[in-house]
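Shown next as structure tokens: one chain only, the form predicted alone.
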């Protein structure tokens, strides 16, 4: 199915000649004005270097934005919007389109007035200003952040028609921050310290219980993403980073960390962010995000418009347990699988970009991707997940996604029975 480099180049050259021939054959005497006529941008001076002190995308990319689904929540204060995955490439999500999830709206905090307190089972309770935090050693790491409810609407069947809406509760950025273990060491942990409780400064006072082993492993207290200060909606001036674990634990607008000897069993880990099983029991503390992938192009928001011929399929894969050494794709709903081409850095607990090039014959396609992570885990089908956990949950759906592409290149969210 994968075309050779030689056939691609030959096809491209033939297409160029064919377009000229087609113009002559149709009796069109006027050449393409996009080639022969001077355009405005060729004859008029553009804006100077200081016209936009903070750079913005081209106006022709104004459609590349986060989007929400209004009927998902009662209001937009405790709500979510979605990353436009189908408009992106590579593995880094631009700061301006990283999805938002708020429980009490985005807090607008003056960093000069912000404080981070560590209390509880510590030798000395501490309060840090932002200036204090800037004096600690810092690290840079690229991690994905995925909401546990990402793809949650799909448990009961194909629902939302677009990978932005089915899989867009995720982003992947470089965080700059202080290893949490350094701040905890500064306070000194008592021998019975087993858990921490990070708390946000927003109106919802978000809290989650985190085992001390994770806190001392790879958690960061981050103040920058992709090199610039956190955006307000991403927790400015400081947030917690909990690599590979569900996004609700990455407490934004971080104001306090309490150290204790047992979990607190607060709202977000009892009535919310648990997995209700078929028998009525709940899976709790299901922190790690399992291996997952999605084809971003083609997809419902990114149809095939070029017609039959050489086609580039692409998508992203990730795992909360490591890296993604391999992704398989199928064009026929799982009858035949092909190994995709991985491209870009392979970083721990980060997005991975994959591609698969093929000659499309213009017939319908059933597109799927299947991720393999570095632990040997293989992404399951939706039916396998339902057999294991039923259909009561809205969290931790990492099942294989299917797009149906018709003869016109239009794509739709479907399931294969």
Partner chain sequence: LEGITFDLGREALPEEVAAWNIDIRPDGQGLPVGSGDVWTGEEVYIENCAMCHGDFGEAVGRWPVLAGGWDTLTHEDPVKTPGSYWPYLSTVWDYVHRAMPYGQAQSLTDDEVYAITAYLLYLNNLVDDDFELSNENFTEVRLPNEDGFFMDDREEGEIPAFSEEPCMENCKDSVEITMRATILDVTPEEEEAEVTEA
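Since we're looking at a predicted model, the values are computed, not measured. Positions refer to the first chain, counted from 1.
We do not show the form predicted in complex with the partner chain, though everything after this point is about it.
- Partner proximity in the predicted bound form, defined as non-hydrogen atoms within 4.5 angstroms of the partner chain, places exactly one of 266-274, 219-227, 308-316, 232-240 at the interface: 266-274.
- Note on the partner interface in the predicted bound form: the residue among 48, 376, 33, 55 having a heavy atom within 4.5 angstroms of the partner chain is 376.
- When the partner chain is considered in the predicted bound form, residue 363 lies well away from it, no heavy atom lying within 4.5 Å.
- Interface residue remark: residue 199 is counted as part of the site for the partner chain in the predicted bound form, having a heavy atom within 4.5 Å.
- Interface membership of residue 325, defined by any non-hydrogen atom within 4.5 Å of the partner chain in the predicted bound form, is ruled out.
- A residue is said to contact a partner when one of its heavy atoms sits within 4.5 Å of a partner heavy atom; residue 44 fails this definition for the partner chain in the predicted bound form, lying far away.
- Scanning 112-140 for heavy atoms within 4.5 Å of the partner chain in the predicted bound form gives 115, 117, 119, 124, 125, 126, 127, 128, 132, 135, 136, 137 in sequence order.
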